[in-house]
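Heads up, the chain below is alone and in the form predicted on its own; it's given as structure tokens.
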């Protein structure tokens, strides 16, 4: 089963049906851009069931939301049968967005690590497409898993439940089976891992912060900033190799 197949299952749709809160770095970025939203045309990629839609669409000039999961969009439309006049939500694939002209959007958001569920080659293609549809000087915000967090993925957590402890041991063995020991990724810039998400049904792209910055700069993005998932605060660019407390990181950058 591919990642896209998994995102189209009833199980995953139900898993996200009631999730509608912004994560801490999203709140930080929302506050940063608040004064500009009313003049912006926004593209929201990988919207799922509209978690970010409900927060941004009321405030932007025009909102377009897409997701490559037909099931997610179908369920979204049932959840929100009446869309706002400025809002369009549809099935779409970030890797090929020919329905949108170049320089179309002031603000592009790809939240909750949506970019991590495609291959490396497709990721580069997706970033190129995002850059194509973004306006010069506009903002691109996304989150991606942090490869420097990998040791913590393998941690066996303890509580007073024997059943929980046995599950943690089982999970550790599954991680070993799918990915090997975490030390093998010490010198690797990125990796596609099966980290146990959704009962090991999907694979996830992890990348080191320095490598992610380099990836963005090579594609022509500028003024790159990092934000902590745990605190929502901006992360200083010094000491990038020491960032290992956030399972994923939010990045904001400008279209050049």
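Positions refer to the first chain, counted from 1. Keep in mind the model is a prediction, meaning the values are calculated, not measured.
Missing here is the form predicted together with a small molecule; even so, the following discussion is about that form.
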If we test each of 153, 72, 141, 89 for a heavy atom within 4.5 Å of the small molecule in the model of the complex, the one that passes is 72
Counting only non-hydrogen atoms, which stretch in 64-72, 222-230, 187-195, 30-38 is within 4.5 Å of the small molecule in the model of the complex?
64-72
Within a 4.5 Å heavy atom cut-off, is residue 148 in contact with the small molecule in the model of the complex?
no
Indicate whether the small molecule has at least one heavy atom within 4.5 Å of a heavy atom of residue 123 in the model of the complex.
no
Look up in the model of the complex whether residue 42 has a non-hydrogen atom within 4.5 angstroms of the small molecule, and give yes or no.
no
Does residue 99 reach the small molecule in the model of the complex if we count a contact as any heavy atom within 4.5 Å?
no
